[in-house]
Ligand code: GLC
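Below sits a lone chain in structure tokens, taken as the form predicted alone.
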């Protein structure tokens, strides 16, 4: 099949979270299965400057209709591997910036213009290059208007640009909601401004557009597909989701074993596998030393890699300050985000310099070292559509401590209920639940035989894309 993907992130060119990893892994797996794959990505500064894009060639300079004006764009393309073509939708005014969505403290004020332009750039490129896709797969709110814009362009020009459209919800909490006055930039019919269109409490919701107007709607785990149909997890869109329940499917992400594999990981100081864990011990020593801790520390090491938000349960960890003050443990956190939570972790690290470390820079190598060098990976999310770190952790022999939500439920077997086949510790998303998980981890770590057994079971769990991609092929078919 000829499959086109459109996303705002793609590893290794632009990454702020799991979206980049998921899109890169899925598209790579589809190429491995013999499909012809193209990916559209905004032409961010980091992408244009990437060595892979050094040989990028300009294939189009389209004029994009944006309301009552036409804006020039530039479409550059390069092929990082045979069978995969990346198209960059470039306009310096919108994408020549350091970050994807904002400064870190606040979103860019023109994000609605930026991603309407991006979606229109995708449609115009597909039309002018006559790409004739079997499927166009759109990811998250940044591409939510694409199915609508594509069909509108087909009607205007009497052409077929893609046989079918798929929209994947990676995180329904981020919906691309903007003032309705920005609707004019879409050049879509006025009737779509109503409740049966993209209107959401008097505003424009890009994600609602994707949910209502794609041929199929997917999300990234079976459990999350169920959760988003409830008021508790639907973030106000559960009613909209209910209208598409027959067209909704939850497909669990996999992980790219070419990137996340302790036996081949070039980012680690020492490689290892389930047959020989000596390298994991060396990674643990390197992780501790890198953060100024005694490399011979004998107690459990807890790692976290996440955006510092309440969704990720960072406040629940901070609510357990006394545990880290009292117990002989180490906590190493990599991430940035909410200023209040970041400052809370910084203060905790400053008061417990022998026990807690915080790294706020974007450091892919450090994320690999934390996965390899920690004994437990702490992931107390209030909601988690799929999650990848709990899968990375198991593959790296690091026991995950996760909450009973979303994809975490689908990928981690609780040792409490499954002593012979459990691979992690499952808790409730509360401060008390986190404390219970930390204490369970201490007890498990003290039982070396039981801990080692859980490690080996986790490392033998199969999370590769070979199985995951089959679900997407079935959906496309």
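Residue numbers count along the first chain shown, from 1. These figures come from a predicted structure and were not determined experimentally.
We do not show the form predicted in complex with alpha-D-glucopyranose (GLC), though everything after this point is about it.
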- Query: If we take heavy atoms and a 4.5 Å cut-off, which stretch out of 384 to 392, 158 to 166, 99 to 107, 176 to 184 is in contact with alpha-D-glucopyranose (GLC) in the predicted bound form?
  - Reply: 384 to 392
- Query: Heavy atom within 4.5 Å of alpha-D-glucopyranose (GLC) in the predicted bound form: which of 321, 81, 346, 307?
  - Reply: 307
- Heavy atom within 4.5 Å of alpha-D-glucopyranose (GLC) in the predicted bound form: which of 171, 125, 403, 223 fits that? Just give me the one. 171
- Considering only heavy atoms, tell me if residue 253 and alpha-D-glucopyranose (GLC) come within 4.5 Å of each other in the predicted bound form. yes
- Going by a heavy atom distance of 4.5 Å, is residue 14 a contact of alpha-D-glucopyranose (GLC) in the predicted bound form? no
- Any of the heavy atoms of residue 24 lying within 4.5 Å of alpha-D-glucopyranose (GLC) in the predicted bound form? no
- Message: Can you tell me if residue 458 lies within 4.5 angstroms of alpha-D-glucopyranose (GLC) in the predicted bound form, counting non-hydrogen atoms only?
- Response: no
- Message: If you apply a 4.5 angstroms heavy atom cut-off, which residues in 12 to 49 are near alpha-D-glucopyranose (GLC) in the predicted bound form?
- Response: 18, 19, 22
